[in-house]
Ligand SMILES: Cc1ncc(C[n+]2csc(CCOP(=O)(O)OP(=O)(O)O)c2C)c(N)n1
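Have a look below at one chain only, the form predicted alone, in structure tokens format.
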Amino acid sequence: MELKEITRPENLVYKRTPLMTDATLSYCPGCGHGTIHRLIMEVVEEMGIQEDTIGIAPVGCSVLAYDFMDIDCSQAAHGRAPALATGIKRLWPDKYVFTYQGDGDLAAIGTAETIHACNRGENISIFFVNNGIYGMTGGQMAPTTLEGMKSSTSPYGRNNETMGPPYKITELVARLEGTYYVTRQSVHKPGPVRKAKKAIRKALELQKENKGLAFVEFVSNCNSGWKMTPNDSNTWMEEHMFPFYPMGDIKVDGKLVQGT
């Protein structure tokens, strides 16, 4: 069989969504950001809402998200993405508005904006990537760093007695009346990728129904910050991150379904 026959459109099992630009991703090889970007753009393409979608880029690893996503985007100061998304959505209620934030941005510096946007039930989607550290700025300890987990500012491992325990902001926001759909996903294997894509689509579709805030956490690796190979970081994530941050829906249709 010749190459041109193998590469016929009907034989392709993978192709790039046209809503990802030609820019080379700046993420480390093996990082989950690129996969999550692609999933969001696939959903936007399939829903046919490219012209009506506005993304809010944060400060952190995904600061250049707007270079990779062929949609309208704006950038917020560190932690302020939910506040900016609130303003945009209130000005253009028919637009699909989402934030894309890491744990240092969302669960540390932006805690207040996150909590209040969720409590108000803003009709936006928040996509939250949790890798347990400040990935971009040197791998410092974040609020999501696990007990005993080493980081550049906790080289002997996080000590809960002196540093406080990690907190699950996703479970926290699920208990606020304003959140309608809260879930935790991952993208390290094909099966979880399919579930993550469904969660992204549900989050965006809820905006059309004006149901309130949808919050999707992605537990992801940081092989550079964790100083592991991509494969080892995925294994470490499964063994250590997932027991503390369990996968699955936490709140559906405004009702808690996990941790009640």
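Please read these numbers as outputs of a predicted model, since none were measured by experiment. Don't overthink the numbering: it's just position in the shown sequence, from 1.
There is another form of this protein, the form predicted together with the named molecule, and it is not shown here; the text below is about that form.
key: Clash verdict for the named molecule in the predicted bound form, overlaid onto the shown chain (3 or more atoms within 2.4 angstroms of backbone or C-beta)   = Open.
| said: Given the stretches 166-174, 148-156, 105-113, 86-94, which is the single one in contact with the named molecule in the predicted bound form, using a heavy atom cutoff of 4.5 Å? | reply: Of the stretches listed, the one contacting the partner is 105-113.
The named molecule isn't shown here, but in the predicted bound form which of S74, N119, N160, T137 has a heavy atom within 4.5 Å of it? Filtering the options by heavy-atom distance leaves T137.
- Which one of I49, V59, I54, V193 is close to the named molecule in the predicted bound form, taking close to mean a heavy atom within 4.5 Å? Going through each option in turn, the one that passes is V59.
Check: If you check in the predicted bound form, is H78 within 4.5 Å of the named molecule, heavy atoms only?
Finding: Flag for H78 set to yes.
Touches the named molecule in the predicted bound form: V182 (any heavy atom, 4.5 Å)
Judged by the heavy-atom cut-off of 4.5 Å, V182 is well away from the named molecule in the predicted bound form.
### Message
Taking the named molecule as it sits in the predicted bound form, is S125 near enough to touch it, meaning that at least one heavy atom pair lies within 4.5 angstroms?
### Response
Although the named molecule is absent here, S125 would stay clear of it in the predicted bound form, with no heavy atoms inside 4.5 Å.
Would H33 show up as a contact with the named molecule in the predicted bound form if we use heavy atoms at 4.5 Å? H33: contacts the named molecule in the predicted bound form.
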